[in-house]
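Take a look at this single chain, the form predicted alone, given in structure tokens.
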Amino acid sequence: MLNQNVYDELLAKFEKQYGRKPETVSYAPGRIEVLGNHTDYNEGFVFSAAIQYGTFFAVAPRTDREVHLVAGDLMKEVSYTIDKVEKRSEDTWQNYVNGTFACLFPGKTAELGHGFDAMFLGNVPLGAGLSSSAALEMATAKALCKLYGLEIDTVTMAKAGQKAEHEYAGCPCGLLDQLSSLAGKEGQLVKSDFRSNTYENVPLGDGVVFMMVTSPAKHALVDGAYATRRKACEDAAAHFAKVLRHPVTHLRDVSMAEWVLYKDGLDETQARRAVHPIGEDERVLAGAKLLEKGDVKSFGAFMFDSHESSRVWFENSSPELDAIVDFAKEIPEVLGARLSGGGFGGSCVLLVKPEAAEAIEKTINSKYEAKFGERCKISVIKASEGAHVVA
């Protein structure tokens, strides 16, 4: 089993905490965003992949109406009743679980017959832009659906996690993280269309792997930076809806040529923010055609272009992430590199030749340490299976 050591640790801690074994254990992975940045809430396209790091969620039914929840790394317990599931201001990690529970059974948790004991434990690096929060939400969703006999489709489950993120965790994220965690397949990317909320799995091909380079710089999205950029995209879409001759509801409906011709009327910030997701959509669609032909080198070049757009137009990069991508450009065995996720710190994802991974790690860390006085966490990333019930 993937991450067997985390699974074994969770089972041991659960039994010690509650005096019994869990009835159900689920698993959900984190994700990398490969191409298509901040396009999900613009109803655009994204290439992503589930990764080999994730979160386990163990649960067993109680005979009363209480919920007891433990964060397995902290061994901190919180409790409440199913009659009142709400956002909490203390031990805020619980909001990802509480929110998912409430959003799976909107307004109906009090109608359930019993509460539960639960514990979660994972190994997705926190603050690295790998969506540890979505992994927790989707592991929660898989386990609680099994526990209460709820059958829902992948997109509906992803939306429950997204709503929890919005209303309980306070981050207005798109659907990318949750859907990627659910829809991953080993050795394949997830190509998502966030207008129709449909997805397909696309083979990455042989001879390449990803590397995740995580900067020591702190990564955080719930600080307004994400929200202001989303608002700028929405305002820009409203502008184009007025000046273009075809229907526009989101920036997905605007081409790069139309941005050039009709951006007058936007303020400078709105114009700069809008061009990034417009360009990203075009790169994802072109990248899909390249993968069909097996042209991973040209696909990698789009990753470099994507990061430059993030740096120049969307301004969601950081000096540390820019330096990592610059270092990567100098290494012939690196085919592409870009920030992954919301940005503002966190991680870069690199498309590399696997036989050069060790040398790439040494080169990047040597240069990063010389510039910033610290070393990055670097690991090979494999496209992996999505969320599922383990036991």
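What you see is a predicted model; the values in this text were computed from it and never measured. Throughout, we count residues from 1 along the sequence that is shown.
Keep in mind the form predicted together with alpha-D-galactopyranose (GLA) is missing from the figure; the text below concerns it.
Partner contact region in the model of the complex: 35-43, out of 35-43, 348-356, 51-59, 322-330, criterion any non-hydrogen atom within 4.5 Å of alpha-D-galactopyranose (GLA).
With the partner omitted here, the residue from Ala164, Met157, Leu176, Val254 that has a non-hydrogen atom within 4.5 angstroms of alpha-D-galactopyranose (GLA) in the model of the complex is Leu176. With the partner omitted here, the residue from Tyr80, Phe240, Tyr226, Tyr199 that has a non-hydrogen atom within 4.5 angstroms of alpha-D-galactopyranose (GLA) in the model of the complex is Tyr226. Contact annotation for Gly336: none of its heavy atoms lies within 4.5 Å of alpha-D-galactopyranose (GLA) in the model of the complex.
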